[in-house]
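In structure tokens, the next block holds one chain alone, the form predicted on its own.
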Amino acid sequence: MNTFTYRKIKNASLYVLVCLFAGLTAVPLFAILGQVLIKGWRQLIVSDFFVKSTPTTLDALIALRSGEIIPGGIANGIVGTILMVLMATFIAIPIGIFAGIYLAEYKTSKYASIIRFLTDLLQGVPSIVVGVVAFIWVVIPLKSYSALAGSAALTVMMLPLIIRSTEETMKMIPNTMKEAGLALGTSYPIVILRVMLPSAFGGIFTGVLLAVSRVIGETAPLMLTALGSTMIQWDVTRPNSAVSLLIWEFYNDPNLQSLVWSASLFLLIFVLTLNIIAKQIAKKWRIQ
């Protein structure tokens, strides 16, 4: 066997191994998606699934004994999730973007190194610990569980992703763009806000969507802050529910366990949609 033939066989073998192991990593994902889809689609297509609150145990028991689909839905969880995620996003975006800009512009300063270290440290903090801190900071002073406390916990979890994505995106922008703006007599803050930020929009927006995708399925911090609610609650100072909280509640109620699959399917579809949007935006706004 000559050297050329040996290299071709080696290359083909490695290619097959890579494809095989890549396929093996996808097996658990497709198994989970298939199981959730098979068991959750019937409840998801019910007309009142998105507009009604969660049913009581008695309603679920009656429906199960009569062989019918459990009435009600997860509207209270959807409303609570949207409220808390929106509040967390509005707080985390300006803080995260300006912190990321600072890290990118003053990357060698001692203060930037401290912020970068704390950001990386915060990213590795377990979500239950974030929930405990939010409980101490918000729930105890307000003397009530609330959507406000839940959004505070989600804000802390979103910040590291937004900060790091903003920093890395700003680093990718050529310095010539900033130098050109300054050469025209534009002030430094205006160059950052009018030239650099619009150029980095794709990467920053992608980071924001990925941060939302991460926190939207969190349960542990919301158990200690938002607590949950059986009705649609628009008051952010009162206890509120979330889709992830409902999944936990359904799991602990034998009569409502079938709703776990439909709520999980909704959450998976929502997170998958956000990730697809993030990838499309990143592709469209990629820095050249």
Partner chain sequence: MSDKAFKTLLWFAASIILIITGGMLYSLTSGAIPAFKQFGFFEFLSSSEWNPTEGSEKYGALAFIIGTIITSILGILFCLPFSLPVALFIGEYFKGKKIASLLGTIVDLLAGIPSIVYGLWGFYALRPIIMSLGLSPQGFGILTASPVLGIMIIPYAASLSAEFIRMVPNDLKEGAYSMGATRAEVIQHIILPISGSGIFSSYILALGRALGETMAVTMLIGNANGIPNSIFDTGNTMASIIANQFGEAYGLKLSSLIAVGLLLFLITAIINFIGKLIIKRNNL
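Only a predicted model underlies this, so the values are computations on that prediction, with no experimental measurement involved. Numbering follows the first chain given and starts at 1.
The discussion below concerns the form predicted together with the partner chain, not included here.
Checklist entry - Looking in the predicted bound form, is the partner chain within 4.5 Å of a heavy atom from each of Phe50, Leu86 and Pro141? => result No, the whole trio is out of contact, none within 4.5 Å by any heavy atom.
Checklist entry - Using a 4.5 Å cut on heavy atoms, which of Thr237, Thr57, Thr230, Gln257 is close to the partner chain in the predicted bound form? => result Looking at the other structure, the residue within range turns out to be Gln257.
Checklist entry - Among the candidate residues Val208, Leu148, Val156, Ile78, which is the single one with a non-hydrogen atom no more than 4.5 Å from the partner chain in the predicted bound form? => result None of the others qualify; the residue that does is Val156.
Next on the checklist: Taking the partner chain as it sits in the predicted bound form, is Phe90 in contact with it (heavy atom to heavy atom, 4.5 Å or less)?
Outcome noted: No, Phe90 sits far enough from the partner chain in the predicted bound form that none of its heavy atoms falls within 4.5 Å.
Next on the checklist: Within 4.5 Å, heavy atoms only: does Gln43 come near the partner chain in the predicted bound form?
Outcome noted: Looking in the predicted bound form, residue contacts with the partner chain do not include Gln43, since no heavy atom lies within 4.5 Å.
Next on the checklist: Taking any heavy atom pair closer than or equal to 4.5 Å as contact, tell me whether Val271 reaches the partner chain in the predicted bound form.
Outcome noted: Close contact exists here: in the predicted bound form, Val271 approaches the partner chain to within 4.5 Å, heavy atoms only.
Next on the checklist: Taking the partner chain as it sits in the predicted bound form, is Ile163 in contact with it (heavy atom to heavy atom, 4.5 Å or less)?
Outcome noted: Contact with the partner chain, yes.
Next on the checklist: Using a 4.5 Å heavy atom cutoff, which residues in 212 to 236 contact the partner chain in the predicted bound form? It's fine if the answer is none.
Outcome noted: In sequence order, Arg214, Gly217, Thr219, Ala220, Met223, Leu224 come within 4.5 Å of the partner.
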